[in-house]
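One chain follows as structure tokens, the form predicted alone.
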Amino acid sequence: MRLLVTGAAGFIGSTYVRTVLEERPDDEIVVLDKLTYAGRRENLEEVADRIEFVEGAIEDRETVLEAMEGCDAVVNFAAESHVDRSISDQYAFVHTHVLGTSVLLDATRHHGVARYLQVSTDEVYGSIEEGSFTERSPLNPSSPYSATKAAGDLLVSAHVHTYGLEAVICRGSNNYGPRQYPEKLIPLCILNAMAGDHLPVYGDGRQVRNWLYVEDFARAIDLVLREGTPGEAYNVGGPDEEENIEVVRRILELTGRDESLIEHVTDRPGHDRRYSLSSDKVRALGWEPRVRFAEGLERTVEWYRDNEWWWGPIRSGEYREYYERHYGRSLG
């Protein structure tokens, strides 16, 4: 297959590209990415000579049409992904998740591309106190990030029903692993712990997340792309649930730091309390998570410890300004 993979210079997208090229070496991949603050060519450095890279935005119709020419399938990872940033400035989220998805879908129909996959999130369902969300659960997003992601999902469903587009949706739980931009909980706390900085924890830290190692999600996405039923959504949940505060404590243990570095900060507005996905539907296709949370977190800490070349420039640039503005304190 020849795939157009959008947003593939980011954390999950780049993992997907490496996974496909490793497991399906005859596939061809065109990457379309506008290289925002979290999209980095370094994430694709290992496979740079095996992909075609197009710099551009999914909102740009002419760029999308040109990049999609001759492709058999589209996998859309392009997204603004940080909830906190959506609360302070939602415009980029609307632009990418709604307008950008619309442009991609229109171009997919224009070229007669056989398959389209929308990468989505468990956050479109909102919070759940007990049990797990299934694909039949109503969408109930609670942040500008999740609301715009839900809007993108609904556009995909509309194109399936109105135009007969062969599209599928893959909704993942909280991903973690190497190369994740350090505004997210796990890489932020790993790097802060390594530097001896405080680890900010929202509220009481008892929020529960369903943690999914990024390589497991990448494999699920590729399976759904090729084997999923057109018009269907597939939930992909991690094998373990953990409270945020326990995740932070594990990171401190793995980095040899003590809990005095934990700093409870004002909770995020509208913070969802618990996410949990049932993965029965994707498991029926043959998917199983391979990495339990304890092992995956250890791998992740080790990767950041060994790859300062990757994260060093981030902590000295825009990220530092964002961190100081958001948390009201400087990084060490």
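Numbering starts at 1 and runs along the sequence shown. Note that this is a predicted model, so its numbers are computed, not measured.
There is another form of the same protein, the form predicted in complex with a small molecule; it is not shown, and what comes next is about it.
Enquirer: Which residue among 123, 153, 215, 222 has a heavy atom within 4.5 angstroms of the small molecule in the predicted complex?
Expert: It is 123.
Enquirer: To verify the annotation, which of these, 50, 271, 305, 290, has a non-hydrogen atom within 4.5 Å of the small molecule in the predicted complex?
Expert: Exactly one residue meets the criterion: 271.
Enquirer: Residue-level question: is residue 142 within 4.5 Å of the small molecule in the predicted complex, judged on heavy atoms?
Expert: Although the small molecule is absent here, residue 142 would stay clear of it in the predicted complex, with no heavy atoms inside 4.5 Å.
Enquirer: Can you work out whether residue 209 and the small molecule are in contact in the predicted complex, taking contact to mean some heavy atom pair no more than 4.5 Å apart?
Expert: Yes, residue 209 sits close enough to the small molecule in the predicted complex that at least one of its heavy atoms falls within 4.5 Å.
Enquirer: Can you tell me if residue 105 lies within 4.5 angstroms of the small molecule in the predicted complex, counting non-hydrogen atoms only?
Expert: Residue 105: no contact with the small molecule in the predicted complex.
Enquirer: Indicate whether the small molecule has at least one heavy atom within 4.5 Å of a heavy atom of residue 178 in the predicted complex.
Expert: Residue-level check for residue 178: no, no contact with the small molecule.
Enquirer: From the candidate stretches 250 to 258, 67 to 75, 181 to 189, 106 to 114, select the single one in contact with the small molecule in the predicted complex, where contact means a heavy atom within 4.5 Å.
Expert: Single hit among the candidates: 181 to 189.
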